[in-house]
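Shown here is one chain on its own, the form predicted on its own, set out as structure tokens.
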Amino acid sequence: MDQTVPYLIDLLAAAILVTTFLIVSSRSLIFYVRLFSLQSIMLGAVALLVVIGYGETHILVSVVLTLLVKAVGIPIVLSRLIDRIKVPKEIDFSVNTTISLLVCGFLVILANSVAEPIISSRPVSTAMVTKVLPISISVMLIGLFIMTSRRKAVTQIIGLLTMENGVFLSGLSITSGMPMIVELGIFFDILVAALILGVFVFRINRTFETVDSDTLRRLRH
């Protein structure tokens, strides 16, 4: 096997983690969508490298779906949604940017401590891309943090999609790809969830003229 393949996988995984930090540090909803699209392209590239380097040809379906659905389809839907609701930026954060980045740094450390026992327990001969596991767990945790710390519903959708990217990356790192039926199920679940949430956000904005989740909670009282 070409030794550059594991190196490229590690490099792309690190770049995926960087995109999650950029999402946390930004305010522009369109920038969130573009970063998610870039993240998905790099995730597709990681999956393709696993196919090339480790012969896991069944992952080709996931590569195509990742590029078509998550790198192109969902960003187009979300971009049109943002254009229609006329909310270009996240103005008020539940947690400010500086503290958010510090929390994300702590989550990366936590992910490394969680992943270390898993990596050390796997034989070197079967550990294909286990170095990516700490990064994949970090992406999942940061995606969850984005969902809980941001007020705009669109940003919370991005957090959910980022979490799913982390789940897929962890699947690649531990098992070199989940069974095809599982991968297809996850992809279509995420696609349907994103579309439904997009429709809900559009309808909520038309009815209440806001997509701020804190404002919507206050409407209950």
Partner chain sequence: MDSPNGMEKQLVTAAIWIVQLVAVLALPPLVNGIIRKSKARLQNRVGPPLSQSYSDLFKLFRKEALVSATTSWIFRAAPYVVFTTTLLVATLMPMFSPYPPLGWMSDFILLVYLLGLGRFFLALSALDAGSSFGGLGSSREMTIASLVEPAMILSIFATAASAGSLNLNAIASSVSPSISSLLNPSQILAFAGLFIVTLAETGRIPVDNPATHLELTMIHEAMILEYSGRHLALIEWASQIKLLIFFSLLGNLFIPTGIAASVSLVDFVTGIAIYLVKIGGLAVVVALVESTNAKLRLFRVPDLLMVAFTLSLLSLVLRFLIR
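All figures in this text were calculated on a predicted structure; none of them were measured in a lab. Positions refer to the first chain, counted from 1.
Note that the form predicted together with its partner chain isn't included here; everything after this is about it.
Contact annotation for the candidate site: Leu11, Leu17 and Asn112 all lie close to its partner chain in the predicted bound form (heavy atom within 4.5 Å).
Heavy atoms of Glu116 reach within 4.5 Å of its partner chain in the predicted bound form, making it an interface residue.
Within this chain, Thr148 is remote from the site of its partner chain in the predicted bound form, having no heavy atom within 4.5 Å. Within this chain, Arg27 lines the site of its partner chain in the predicted bound form, having a heavy atom no more than 4.5 Å away. By the criterion of a heavy atom within 4.5 Å, Val108 is counted among the residues contacting its partner chain in the predicted bound form. For the stretch 131-169, the set of residues having any non-hydrogen atom within 4.5 angstroms of its partner chain in the predicted bound form comprises Lys131, Pro134, Ile135, in sequence order.
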